[in-house]
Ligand code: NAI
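Just one chain is shown here, as structure tokens, and it is the form predicted on its own.
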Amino acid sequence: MEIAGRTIVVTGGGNGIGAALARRFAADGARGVVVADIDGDAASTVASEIDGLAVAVDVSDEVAVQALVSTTEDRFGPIDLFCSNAGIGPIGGIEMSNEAWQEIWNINLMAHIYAARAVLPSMLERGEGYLLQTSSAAGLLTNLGAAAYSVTKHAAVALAEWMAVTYGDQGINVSALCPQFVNTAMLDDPSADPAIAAWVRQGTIEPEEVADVVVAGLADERFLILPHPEIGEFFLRKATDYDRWLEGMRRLQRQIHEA
């Protein structure tokens, strides 16, 4: 997929990876970029930089997502690429409250479903369209100390995979963006284990680097877009010998806390 001349929506576009994607799409000649974020001021700041359209939206609200799609179509016409990027990553295990689990489920998974429901009818009628879902390396591997994040990102990858199989012969492309550690506000959670937080910081890349890899991945129409290429190798090792991979993750967890 070429970006020039396309109408694109980016959720979670006010900061981090979403903001970098919006800026890059505009720089590459997109016809219209909609910056959607629950933080309307942040969305407006990014949109004003790129002559885009800012929309304040809670992606966990299906009616709000449908309104976002309608607003975009009214302004720019049919949506060519919907980047379902908004997400949250609370720290914690199975002891997290039911309310916390439900919130992350709604944002990290159901928002992808709401977006697909809203845009697929038009895309299928036209015989073309692209869905990009930010799913995280945690969706292929796991995230130490963050159970709900890992579970919901696995679900997001599974959804993207299912849609790629189901709609691929009807002109719909689907990609799962699976970065590992990116220098965004999500890494600043004060409740994070200090040892894990310090280890994470050693391997971070910038959001603009992610955007570069995304554009290349979209051009090649790759399902897995991996800003950290080593994740593909780790994923292969996991599939080849699951038990060995699990022991390796336990060993890594011990090493981080012993450092």
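Since we're looking at a predicted model, the values are computed, not measured. Start at 1 and count along the sequence shown; that's the residue number.
This protein has a second form, the form predicted together with the ligand, left out of what is shown; the following refers to that one.
### Query
So in the predicted bound form, does any heavy atom of I107 sit within 4.5 Å of the ligand?
It does: once the ligand is placed as it appears in the predicted bound form, I107 has a heavy atom within 4.5 Å of it.
### Query
Is there a heavy atom of W101 no more than 4.5 Å from a heavy atom of the ligand in the predicted bound form?
Flag for W101 set to no.
### Query
Is there a heavy atom of G87 lying 4.5 Å or less from a heavy atom of the ligand in the predicted bound form?
Flag for G87 set to yes.
### Message
I'd like to check something about Y130: if you look in the predicted bound form, is any of its heavy atoms closer than or equal to 4.5 Å to a heavy atom of the ligand?
### Response
Result no; Y130 lies far from the ligand in the predicted bound form.
### Message
Give me the residue from A211, A30, L218, V59 that has a heavy atom within 4.5 Å of the ligand in the predicted bound form.
### Response
If I apply the 4.5 Å criterion carefully, the residue I get is V59.
### Query
Which listed residue (T71, S150, T184, N173) meets the criterion of a heavy atom within 4.5 Å of the ligand in the predicted bound form?
Partner contact (heavy atom, 4.5 Å) among the options: T184.
### Query
in the predicted bound form, which of the stretches 120-128, 91-99, 78-86, 164-172 has residues with heavy atoms within 4.5 Å of the ligand?
Of the options given, it is 78-86.
### Task
Scan 124-163 and write down, in order along the chain, each residue with a heavy atom lying within 4.5 Å of the ligand in the predicted bound form.
T134, S135, S136, Y149, K153, in sequence order.
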